[in-house]
Ligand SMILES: Nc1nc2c(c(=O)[nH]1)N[C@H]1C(S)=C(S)[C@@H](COP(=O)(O)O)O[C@H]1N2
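Okay, so here's just one chain, in structure tokens, the form predicted alone.
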Amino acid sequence: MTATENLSGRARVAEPGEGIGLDELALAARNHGLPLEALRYDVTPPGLHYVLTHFDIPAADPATWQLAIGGAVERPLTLGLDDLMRRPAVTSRVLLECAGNGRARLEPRPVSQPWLLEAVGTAEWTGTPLAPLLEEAGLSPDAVDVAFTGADHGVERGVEQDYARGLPLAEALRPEVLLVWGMNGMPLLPQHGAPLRLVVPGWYGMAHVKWLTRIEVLTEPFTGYQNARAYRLEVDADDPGEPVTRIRPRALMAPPGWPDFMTRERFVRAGAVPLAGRAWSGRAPLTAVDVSTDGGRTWEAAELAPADPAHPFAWRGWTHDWTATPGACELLVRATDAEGTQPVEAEWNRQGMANNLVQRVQVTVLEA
């Protein structure tokens, strides 16, 4: 049994006072988040975009790789990468965020990839829409779900598996759902799912299956491990939980000034300090971003960039002018969408999913 498992196969929760273990550090070394100063980019450079790989990065030869589409369809398809790239291509700017983003700040801490706030990025993804391929295959009138399987294979909580996720048919048929072979004008990199991945705008990253090899149309809801046991909002070990789906609202601040190497505490000079960052939501349109410069006692409206009709699934910039006075302070930022506002207190669950707790930035203001 590893530190991320218990005898029931449920995700483990750290004991009081338990520090992050070597296996969690190994996960953190394999995966990486967005350096928050990279929030300056409208489109995240591929090397700065967050990465999460559940198992190993598969070795895939684009020349021999194939995608199979089957299950409850009239005409199963087998397509090579060249076949897909001859189809109508779309480039879409889409934000991705890991469902576990913010997990490491929960108390007690769910034991897994110890994300803080940086598991996010916005890229321009190039591919072909999924819906026409499903329609070409001839969907059964009884179809309810579509399962997507990647080439990555491993064991999670004692279960050997290929990574696979299911989507409701209505979600899979959304015109913006893409089979993607390009990122920011270049071929996909191995860690980002080359040669082909799924992109499902608005959903947390677990739905965007990488190294995609198989699509299966189902007449029953998908009950694979990554739907039925992982990525669920469970409060206790016996709770089946609600599935994680769309991205909750979040705003992040590009930390101002300069950092302390170890603590990442920020330092600025007194006077006018511009604050800026990004905000997003996958569940409803953003309506506001607010900033607090006094630890959350009072809030002021930030300037939220207008929604861009050309990029409805990208993050949006925000700015705020702060007049800093000498001393220690704590900056907070929160986003509001049409369904609600980021919480100031964490909403705990044992897998550490969808924790959109507000960001707090410790700043020391020095004399000018």
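Because the structure is predicted, anything quoted here is derived from the model rather than measured. One rule holds for the numbers: they count along the sequence shown, beginning at 1.
Beyond the structure shown, there is the form predicted in complex with the named molecule, which is absent from this document and is the topic of what follows.
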(message) Just to confirm the contact call: exactly one of 281-289, 138-146, 210-218, 244-252 touches the named molecule in the predicted complex at a 4.5 Å heavy atom cutoff, so which is it?
(response) 210-218
(request) May I ask you to choose, among 127, 110, 201, 150, the residue with a heavy atom within 4.5 Å of the named molecule in the predicted complex? (result) 150
(request) Just give me the single entry in 322, 299, 65, 50 that has a non-hydrogen atom within 4.5 angstroms of the named molecule in the predicted complex. (result) 50
(request) Report yes if any heavy atom of residue 231 sits within 4.5 Å of a heavy atom of the named molecule in the predicted complex; otherwise report no. (result) yes
(message) Within 4.5 Å, heavy atoms only: does residue 163 come near the named molecule in the predicted complex?
(response) yes
(message) Just checking whether residue 134 would be counted as a contact of the named molecule in the predicted complex - the rule being heavy atoms within 4.5 angstroms.
(response) no
(message) So, residue 96 and the named molecule: in the predicted complex, are they within 4.5 Å at any heavy atom pair?
(response) yes
(request) Heavy atoms within 4.5 Å of the named molecule in the predicted complex is the criterion; list the residues of 179-203 that meet it. (result) 191, 192, 197
